[in-house]
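Single chain ahead, by itself, as structure tokens, in the form predicted on its own.
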Amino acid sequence: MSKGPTHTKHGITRRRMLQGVGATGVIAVSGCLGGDTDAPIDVRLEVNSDNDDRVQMVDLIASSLEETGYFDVEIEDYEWNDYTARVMDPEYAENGYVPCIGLSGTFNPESFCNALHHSENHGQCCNLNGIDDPELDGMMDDARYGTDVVEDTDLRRERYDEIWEYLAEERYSSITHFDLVASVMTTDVHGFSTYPFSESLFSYGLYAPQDEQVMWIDESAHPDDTDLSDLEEGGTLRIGAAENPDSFDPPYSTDTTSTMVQEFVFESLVRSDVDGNLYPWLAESYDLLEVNDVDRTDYEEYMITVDLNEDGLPETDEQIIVQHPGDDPADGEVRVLTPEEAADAVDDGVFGMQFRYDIREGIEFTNGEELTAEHVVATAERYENSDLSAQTYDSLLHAREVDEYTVDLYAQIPDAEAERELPGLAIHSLEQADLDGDEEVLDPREDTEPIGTGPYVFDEMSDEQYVEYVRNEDYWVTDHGVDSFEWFDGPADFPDGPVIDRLELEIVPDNSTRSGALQDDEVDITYGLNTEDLDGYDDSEDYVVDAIEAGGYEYIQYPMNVEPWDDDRLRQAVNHLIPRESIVENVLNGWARPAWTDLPELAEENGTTDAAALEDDIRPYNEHDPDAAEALIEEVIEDYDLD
């Protein structure tokens, strides 16, 4: 038998990742952290305890800081669900702590700057420390919104280049490295290919005709020796899941594991291939009907005035679609556009973009409801004031039923990313679209099993132990046939739906324990293992390792609203003390790429005019440079009298 590959067909290899990674930046781990010292600056780093690689990375960063003699570092770790709840709390920004966490973005460049740094994302994903920079907000909006960037992709790229430069100078967050999504499986798993976003890892791997992707179970042959003609139906796929799903409710969850379990059940109007191209899915087709040169001030006559509470937030229970950009919160009130007024604006032809989606007829939810335009509208309404409202209503203005199988989605203003962002809703059944998300959550632990149109049906769950699904025998793709997709040009023997009968997700948060479960034949496939274990699997003929550079990264974020972190010199100094090459080589064993910019490879097409030139320009800001750090820190100490 031949050994499993170290890379996928997409050509991302460890050897390529390690090019340029040498001894520069490698440091010895110092002794105790957080002890009694005379260091003038106290730092508290926080991390989730169940990610060994991330914990080691934080240890390495802490050691680098303490070796300068300027920092007394304390490290606190938390279990994953407790940690995410902690850092997503808007009050977390007041603590002055430095969290370490990961981001999974999209194919759009905005997700790699906006999520971390736009003020509207504080308390959602993933502005953890209350970053509020009106100039930066404006720059991010200008790179995404307006007819100029919708019509001129080169201008859009130029504006994103300005954002990366600005972020490098201000350094609100330090991006450490771009992850690889590495799937490890036994040789019983055939046909699997890794997707660059871990939340879609298995929904994509099980069945994605847009990439002619399907997986199956076969215990009699090695996957190197089989192809689609050897496909076998049936069987059970046992997945080693890295975390317990926090929620089965799409608008009320932000972590990747929750999205992973939701995607077996819920689907959207469109789907993406591994290169980011969009394909109609629940929608049979879609078109951009109209683009209007409007900005948010054009909604002024439709807005209502609301008071601000003591925290400076509008006092309304309605979803705020648009807040007037010219209002001063110091006045104690602001003008806002809510869903009712948004509908009035659309009636009068005031909107940025109009997309029309023709829904496939005959698609049924697992409760027997037939999918119609009404379901899309009801779903959009359920996203109002949800945990994903900021990411949804940064673009969406209004959803409107045209007829039974036609729905229009309107963007507030011209949006270069609207084609991907507007139809991203996980479409709900009407039976569940009226759940309020607070007292009525969509979760089997609360006796509400998720209902969707997807290829699998929720079967049973034991909290923090396992989640199980069975194949949807009435799946609409199986009924319609893959040839019903106008865009499908794959082989005639490509199946009309996934072929694996049952999914069993074993919840094993500890990476080493999950690795042991794979070796003990308790699971067939897993991900997120400690990188020190990946080489061994890669060298074994009994396992296959399939890896691709992720659409995400690891980062730490500075509490820029707390002294002395409000001084960009301190943030720049700490950034120069992050040993990115050492993290990749010594902690991650080469299964990653140092982040010299904030932009992953998969988002480079629309996110920069020249990726190589951008790296040359930004890399000096991010090099491990203790001398440059020391000079900056001395200035901060003197100005803040920290001796």
Partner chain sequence: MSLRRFVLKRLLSIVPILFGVSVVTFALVHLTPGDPIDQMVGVNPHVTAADEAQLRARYGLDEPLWQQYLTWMGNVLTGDFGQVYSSGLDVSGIILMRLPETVVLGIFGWVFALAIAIPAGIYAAVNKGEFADTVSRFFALSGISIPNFWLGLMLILIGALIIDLWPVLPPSRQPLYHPEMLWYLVLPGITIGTAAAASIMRVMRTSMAEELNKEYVTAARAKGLPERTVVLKHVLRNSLISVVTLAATLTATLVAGSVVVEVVFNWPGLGRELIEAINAREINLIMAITLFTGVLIVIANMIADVLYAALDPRIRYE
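Residue numbers count along the first chain shown, from 1. Only the largest set of C-alpha atoms that superpose within 1.5 Å between the two forms is called the rigid core. Values in this document were obtained by computation on a predicted structure and should not be read as measured data.
Only in words, not in the display: the form predicted together with its partner chain, which the text now covers.
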Checklist entry - For the chain seen here without its partner, which of 462 to 470, 424 to 432, 156 to 164, 67 to 75 has a heavy atom within 4.5 Å of its partner chain in the predicted bound form? => result 462 to 470
Checklist entry - Here the chain is shown alone; which of 186, 292, 406, 254 has a heavy atom within 4.5 Å of its partner chain in the predicted bound form? => result 254
Checklist outcome for this item: In this chain shown alone, the residue from 534, 556, 265, 508 with a heavy atom within 4.5 Å of its partner chain in the predicted bound form is 508
Item to check | its partner chain contact at residue 141 in the predicted bound form, heavy atom, 4.5 Å | outcome: no
Checklist entry - Even though its partner chain is not shown here, does residue 549 get within 4.5 Å of it in the predicted bound form, heavy atoms only? => result no
Checklist entry - Do residue 519 and its partner chain share at least one heavy atom pair within 4.5 Å in the predicted bound form? => result yes
Checklist entry - Is there any non-hydrogen atom of residue 529 lying within 4.5 Å of its partner chain in the predicted bound form? => result no
Checklist entry - After the core is overlaid between the shown form and the other one, has the C-alpha of residue 466 moved by 2 angstroms or more? => result no
Item to check | Core superposition between the shown form and the other one, C-alpha change of residue 554 at least 2 Å | outcome: yes
